[in-house]
Structure formats: C-alpha cells, structure tokens
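Below you will find one chain, with nothing else, as structure tokens; this is the form predicted on its own, and questions on how it binds or moves follow later.
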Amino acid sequence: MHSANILLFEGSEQAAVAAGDAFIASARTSGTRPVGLATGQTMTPVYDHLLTIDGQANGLFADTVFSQLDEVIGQTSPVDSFAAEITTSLFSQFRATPAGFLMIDGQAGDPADEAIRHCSAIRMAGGLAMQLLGIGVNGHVGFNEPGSPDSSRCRVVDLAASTIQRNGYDTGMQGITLGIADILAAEQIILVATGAAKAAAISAMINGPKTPDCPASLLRDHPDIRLFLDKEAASQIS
C-alpha cells in the first residue's frame, strides 16, 4: 500500500509539462523558502517547459530561491558541474535573475564540509518548499544509491557502478547529495520518470517493500509526493 499521488500520461512530453506546471505552482507559493532542482536527461523537457512559461511571464522566478540536489566531486572543470548545467540551461535563459541559488561546490577542498555547509544553508533559508527528483534505474534518488537509509543526510557518497557506467564517469567517482531525510523534510516532492528503462525502478518504489535497497521506496509515504509518469515508466505498476 502506498500514499503517493501517481499521475499517468501518454508520453514523456506530457509528463514533463505537467511536472513543470506543478513546479511553477509550488515556486509561486514558496516565498523565500528554496525549491530544489535536479539534473539529468529526464529534466531537460521539464526545464524547457519552465523556460517557455517564463518567456510568457514577467519575471516569473524573480523571487524564487533555488537549491541544488546533488553534485559530482572533482570534475576537471567547473563547467562540467551540475551547478554549471543548471545555470547555463536554466538561469541564464530566465527573463529575470532568480532571487538566489543554493549551490554545491563540487571542487571544494573538503567535500564533507561542503555537504554540511549546503545542508545548513537550506535550513537557514527555511527548509525546502519542494524538491524535484528523477529516479535512477537502480532506484536511486539524487545520489542516494542502494543502501541509503531513510535517516541519511547531506553527505559525500560513492557512486554505484551502474550510475558511473550510465553517465560515463570515471571509476571511483564520488558525489555530494542531499540525503533521504533531507528530501523527506521537503514540504512537497515532485518525481518525474519517463521511458521503459525506469519501469522496474518505479515498480520497486511503488509495489515493493520500503527498503534502502530501493531508496526511492523510502519516499513513497511522504504526505505530498507526486509522481509524473509516462505509460512506459508506469508499465510495471500493478
């Protein structure tokens, strides 16, 4: 039994547009509290929709504070970071500069201290009003790989071999991520999953046991979690 609000769509574009609309609605009511962004291919059409609506509005996100979910550690160049990706693909194209961006520095000298600093910055800003998420084929959310407990906080993590392979990272790559407990502390969670490759992970999240073996399953009883799925990603839900 689960309490997640599951919203099904014919295709990936429809799911992305609906998720983007939900994101905008949350951002408009967040006040000074940050709203969390995720990166990855699933988020590209969501971002595209945010830009479309921003282009029709007057400073839609001018009062919004954004926050970063996760970051890879030690990329050879800052331009390869998730923070740079967000800035280039989103913020630089907004009609007005957002009120703030709580970013993670993947090149910080002490990544563990950077994780603590980032978590503290979110708390000082009032906590997350909303967190946008994707899901990995192994059930990870952010860089909370299998084995991450529901008590986990923002920290340095070793990336799973499947994550490294799918993203073309170097062997042994690490990341900084908000923990499951940090995500659960958000007032609202918006999770987007599209494509047949995510079907098994979504089934494990919804139908399987709540277990660290599928970190996403630890989120499903959040009081306001919404899953935006296309029919392929939802194909194994019973």
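Predicted model, so just to flag it, every value in this text is computed and none were measured. For every residue, the number given is its place in the sequence shown, counted from 1.
What follows is about the form predicted in complex with a small molecule, which we do not show.
> Of 39-47, 24-32, 207-215, 52-60, which is the one stretch near the small molecule in the predicted bound form, taking non-hydrogen atoms within 4.5 angstroms as near?
Replying inline: Only one stretch passes the 4.5 Å heavy-atom test: 39-47.
>> Although the partner isn't part of this model, could you tell me whether Leu69 comes within 4.5 Å of the small molecule in the predicted bound form, counting any heavy atom of the residue?
In response: Yes.
> Taking heavy atoms and a 4.5 Å cut-off, does Gly142 contact the small molecule in the predicted bound form?
Replying inline: Judged by the heavy-atom cut-off of 4.5 Å, Gly142 is in contact with the small molecule in the predicted bound form.
> Val157 near the small molecule in the predicted bound form, any heavy atom under 4.5 Å?
Replying inline: No, Val157 is distant from the partner.
>> Check Ile104 for me: does it contact the small molecule in the predicted bound form (non-hydrogen atoms, 4.5 angstroms)?
In response: Ile104 lies outside the contact set for the small molecule.
> Among Arg123, Arg153, Arg166, Arg95, which has any heavy atom within 4.5 Å of the small molecule in the predicted bound form?
Replying inline: Going through each option in turn, the one that passes is Arg166.
> Non-hydrogen atoms within 4.5 angstroms of the small molecule in the predicted bound form: do Phe9, Ile189 and His222 all have one?
Replying inline: The answer is no; none of Phe9, Ile189 and His222 reaches the small molecule.
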